[in-house]
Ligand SMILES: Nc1ncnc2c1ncn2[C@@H]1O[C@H](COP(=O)(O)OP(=O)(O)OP(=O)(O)O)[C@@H](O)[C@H]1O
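Shown here is one chain on its own, the form predicted alone, set out as structure tokens.
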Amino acid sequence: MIKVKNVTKIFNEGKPTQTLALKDISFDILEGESALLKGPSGSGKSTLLAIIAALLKPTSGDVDVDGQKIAKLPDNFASLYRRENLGFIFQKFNLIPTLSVEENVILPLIPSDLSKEEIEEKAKSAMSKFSIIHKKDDLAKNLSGGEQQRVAIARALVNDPKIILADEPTANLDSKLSKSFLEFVKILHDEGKTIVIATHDPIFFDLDFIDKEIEIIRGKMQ
């Protein structure tokens, strides 16, 4: 499902502030696998996740997702690729605080050609699945951290993506909510989703539903 080959990322190339974020990274993630990108803060995990999401372009190397080369996609095609293939769970949730739960969840569906009824039905299904439908009319800014996390997951899953990417998803959660998030990951794994989680949280290490661990330290695979 995901093939990363010889990916290198240099920020501010040729300038005094040049930084090597990733060097010659290669790995494969099979369809239906759950994989960890693990390593300390600043190791390059989030940069690599952003490259897989076509939010960043590598300086060199190739990324193939479900048979599509995405490393050099123009921005408009990159947006289409994300909409059709990915659900992204951000570290800080990235909800729009002045919109309701339901409005946040339906955002990925707005560019689609679905009817209003179909969009509402998909949002209802996602909110129910992650136990947040009772808050559908509440503004995102009034939610607890755990509630915001469930909204972020529902939004990431509302378009039934093939791949779920999560960037430090437990960074803003206490231990109880972190364990709850693991339960959600297991549900998604059991449904056959391909999942990539960038994290340095040891709660994810050595879980029976994590199929692959890819360790990155100072931009290099270990």
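From 1 onward, residues are counted along the sequence shown. Everything quoted here is computed from the prediction, not taken from an experiment. C-alpha atoms forming the largest set that superposes within 1.5 Å between two forms make up the rigid core.
Just so it is clear, the following notes concern the form predicted in complex with this ligand, a form of the same protein that is not shown.
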Name the stretch, out of 169 to 177, 189 to 197, 36 to 44, 66 to 74, where some heavy atom lies within 4.5 Å of this ligand in the predicted complex. 36 to 44
Is there any non-hydrogen atom of Q91 lying within 4.5 Å of this ligand in the predicted complex? yes
Quick one: does A21 come within 4.5 Å of this ligand in the predicted complex, counting heavy atoms only? yes
Residues in 96 to 112 that come within 4.5 Å of this ligand in the predicted complex by at least one heavy atom, in order, are none
Please check if K92 moves between the shown form and the other one, taking a CA shift of 2 Å or more relative to the superposed core as movement. yes
